[in-house]
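Here's a solo chain for you in structure tokens, the form predicted on its own.
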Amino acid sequence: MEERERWGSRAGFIMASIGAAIGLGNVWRFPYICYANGGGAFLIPYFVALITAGIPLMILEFALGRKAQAGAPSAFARIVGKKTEWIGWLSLFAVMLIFLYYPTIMAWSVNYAVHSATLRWGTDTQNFFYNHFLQTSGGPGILGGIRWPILAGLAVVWIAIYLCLFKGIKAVGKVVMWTVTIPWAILVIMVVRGLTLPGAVDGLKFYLTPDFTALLKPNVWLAAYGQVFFTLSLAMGTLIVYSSYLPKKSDISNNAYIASLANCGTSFFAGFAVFSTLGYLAQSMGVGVPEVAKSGLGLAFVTYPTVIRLLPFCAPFFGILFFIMLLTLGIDSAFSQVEPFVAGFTDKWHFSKKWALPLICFFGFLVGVLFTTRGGFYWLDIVDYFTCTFGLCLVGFLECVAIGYIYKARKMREYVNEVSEFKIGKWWDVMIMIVTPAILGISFVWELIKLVQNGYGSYPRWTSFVGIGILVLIIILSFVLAKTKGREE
């Protein structure tokens, strides 16, 4: 049995945890959700969600990994009991679904970084993205052919993921010093540039002007909890395996506060870069900010390229800078999704990481080819929705039940306080046993009702059955692997 790897320094662990949390969604998802849910007023439920659910669950996962000195499946088996091992496997299969499609978005960024040199998208960025770059088919039932430029970008991304991980966790600690600080530096440049553009103030008003009536809407609070939960990389097994590489004398609560606050601070700061430039775009086009404020992929690959094209000087430079920022934001999240999956198998069966890592990377690339097809965009959206809305939500709920009621929240809190400078009180027990599982349970049921009534988006009903089928399959696989006997330690 190989001796467990260790972080080279506490800073490496913290930066890796921050890198896992800070991803592409910080740039395009948080600013839009903030704007759409009350503007500045949204920061109130967002901060409440961070304190009552985000930080408590991060402390739980850090504590579980550090105490068990193992990845998610083995951690649950050793600390809570063999019957809960399947929860750990479920988190790994959920994160597997994410690392199957997430690198494709990074592959788009690779292509767009190249296109930025000549501003190839021209004046109609929406038409370029959907019809020329993705060449989207008529729907999810029509895959069409492979888009070779995207496939080439996907190969580059998976090679980068492998190179970041193959030398072990100490090398990851060194890599994240660059891949976390570089996007921060670029973000500062983008904010400064955005604030100096005409119309920037109008954009920031739409971002930050509080609409306190929004606080009376339940969906705004659910949006805040959903954003905090998913942005911190919770329920993915990542934080459990990262903390398992900590030396036995390592702080837990301080690390959780630092990592979570750094992530949420980055999201908030990114909003200044996004909405200052959207204000400029709105003024340039003679329309209101709401008309140019799009969510998700539309913001990153349609709206922002439009802004870049209209910049008065150095447009290609800022284009390249923006998509390099997306790449460096994404790479930390990407390899943090692969690492727990690798660790789950190496912990239980003591496979050599030297062989397990390239096999899993090749598997990820091979399945990822689906998302490089002309119908791949639709499947990326569908898999993302079902995984994040139902898969991760279910894992988070089960984690709270397992630690809060089976292992007992009090015992885990006492363990955290033994090894941490900053002590947590009984409030943590309440959050893990009542508040967080209640919010996750309500969110799960709320979304399930909407899915049954309306389906997902404008997709055919059969895609919902496929999505639910995938979730049922990973639950079954989780039980099967949990029942499979591992090698004796």
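In this text, the rigid core denotes the largest set of C-alpha atoms whose superposition between the two forms falls within 1.5 Å. It should be emphasised that the depicted structure is a prediction, and the values quoted were computed from it without experimental measurement. For every residue, the number given is its place in the sequence shown, counted from 1.
Absent from the display: the form predicted together with a small molecule. The rest refers to it.
At least one heavy atom of residue 95 is located within 4.5 Å of the small molecule in the predicted bound form. Residue 75 falls outside the set of residues with a heavy atom inside 4.5 Å of the small molecule in the predicted bound form. For residue 336, a non-hydrogen atom is located within 4.5 Å of the small molecule in the predicted bound form, even though that partner is not displayed. For the chain shown alone, residue 277 is not a contact residue for the small molecule in the predicted bound form, no non-hydrogen atom being within 4.5 angstroms.
For the small molecule in the predicted bound form, the listed stretch (206 to 214, 193 to 201, 229 to 237, 79 to 87) containing residues with heavy atoms inside 4.5 Å is 229 to 237. Checked against the small molecule in the predicted bound form, the candidates 371, 323, 158, 102 yield a single residue with a heavy atom inside 4.5 Å, and that residue is 102. Once the cores line up, the CA of residue 46 ends up 2 angstroms or more apart between the shown form and the other one. Residue 62 is not among the residues whose C-alpha shifts by 2 Å or more between the shown form and the other one once the rigid core is aligned; its shift stays under 2 Å.
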